[in-house]
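We begin with a single chain expressed as structure tokens, specifically the form predicted alone.
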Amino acid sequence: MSVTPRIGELRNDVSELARSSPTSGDLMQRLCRLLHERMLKYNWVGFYMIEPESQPPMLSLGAFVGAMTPHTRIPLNQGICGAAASSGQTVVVDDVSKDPRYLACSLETKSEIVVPVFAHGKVVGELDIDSHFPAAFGPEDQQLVQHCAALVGKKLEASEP
């Protein structure tokens, strides 16, 4: 599949951010800003990280760009975010109103993509993107967001002793 020039250019910019960011936290914040600014349909972009010591396991909101969300902590067994983190699989929802797992954050949200972040072979967090447009995330978007999540995972691995 060919990549549109815009997505290809953005993918290169994302890779450069990963090279130039001194920490994983800095990379996550910069990625959120870049994706939010450059992708018209990416209306909320954020990372949720798994709290290593919490029982039950929880996702905790990290870097994000967009409206404030009431969901700053999400149990792994709840929501689309919980489903992606629990399964280790990317979840794309074209119409959140038709998915019973959706935890409503904004009435404007119509679709969502959640991509797990892996470090050392296990899920440590995820990149969550909401859109005000239905079916906003096609195959190219999925590849781009998975690329972003993989770069964050590599940065996390590199920063651990």
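Residues carry their position along the shown sequence, with the first being 1. As the structure is a prediction and not an experimental result, all values here were calculated from the model.
Just so it is clear, the following notes concern the form predicted in complex with a small molecule, a form of the same protein that is not shown.
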* Establish, in the predicted bound form, whether 50, 58 and 87 all lie within 4.5 Å of the small molecule, using non-hydrogen atoms for the distance. => no
* **Which of 117-125, 132-140, 101-109, 32-40 sits within 4.5 Å of the small molecule in the predicted bound form, heavy atom basis** => 101-109
* Asked: Taking the shortest heavy atom distance, is residue 91 within 4.5 Å of the small molecule in the predicted bound form?
  -> no
